[in-house]
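Shown next as structure tokens: one chain only, the form predicted alone.
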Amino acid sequence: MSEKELKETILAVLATIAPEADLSEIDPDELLQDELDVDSIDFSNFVLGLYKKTGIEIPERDYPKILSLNGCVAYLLGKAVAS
């Protein structure tokens, strides 16, 4: 999966978690929870949605690596390449 495809996948999952959010306004370096005003349950659903779309498991210890859009893309890209 390419970086562009991963970003599109992440945004698609975010759209299901925060359908009212304008995803084009997300600062890719800011915390997704702050940018989208989502709580910890929404974040858990985000992680589950990523798993369903990519097949990449994200252990809880790695959550800090996926807190921003850029961080999430980099993390998933690294995991996809390693697979």
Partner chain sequence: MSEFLMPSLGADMDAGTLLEWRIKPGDSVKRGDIVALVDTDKAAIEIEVFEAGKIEKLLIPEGEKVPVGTPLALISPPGEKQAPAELKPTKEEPILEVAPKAVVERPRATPAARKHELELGLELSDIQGTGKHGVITKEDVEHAAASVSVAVKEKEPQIKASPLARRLAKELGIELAAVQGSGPDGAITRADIERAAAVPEKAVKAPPTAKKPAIPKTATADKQAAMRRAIAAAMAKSKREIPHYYLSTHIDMSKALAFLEEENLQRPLPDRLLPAVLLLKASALAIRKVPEMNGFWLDDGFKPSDDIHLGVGISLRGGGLIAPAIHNADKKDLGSLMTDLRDLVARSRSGGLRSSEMTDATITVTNMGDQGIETVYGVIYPPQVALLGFGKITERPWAEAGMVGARPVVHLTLAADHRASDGHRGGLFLAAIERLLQKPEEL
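What you are looking at is a predicted structure, and each value in this text was computed from that prediction instead of being measured. Residue numbers count along the first chain shown, from 1.
Beyond the structure shown, there is the form predicted together with its partner chain, which is absent from this document and is the topic of what follows.
Next on the checklist: With a cut-off of 4.5 Å between heavy atoms, is Asp29 one of the residues that contacts its partner chain in the predicted complex?
Outcome noted: The answer is no: Asp29 has no heavy atom within 4.5 Å of its partner chain.
Would Ala18 count as a contact of its partner chain in the predicted complex, using a 4.5 angstroms cut-off between non-hydrogen atoms? Heavy-atom contact with its partner chain at 4.5 Å: present for Ala18.
Whether Thr54 contacts its partner chain in the predicted complex should be assessed with a 4.5 Å heavy atom distance threshold; does it? No, no contact at 4.5 Å.
(Q) Only counting heavy atoms and a 4.5 Å limit, does any residue of 38 to 76 reach its partner chain in the predicted complex, and if so which ones? (A) Sequence-ordered list: Val38, Asp39, Ser40, Ile41, Asp42, Ser44, Asn45, Val47, Leu48, Tyr51, Glu57, Ile58, Pro59, Glu60, Tyr63.
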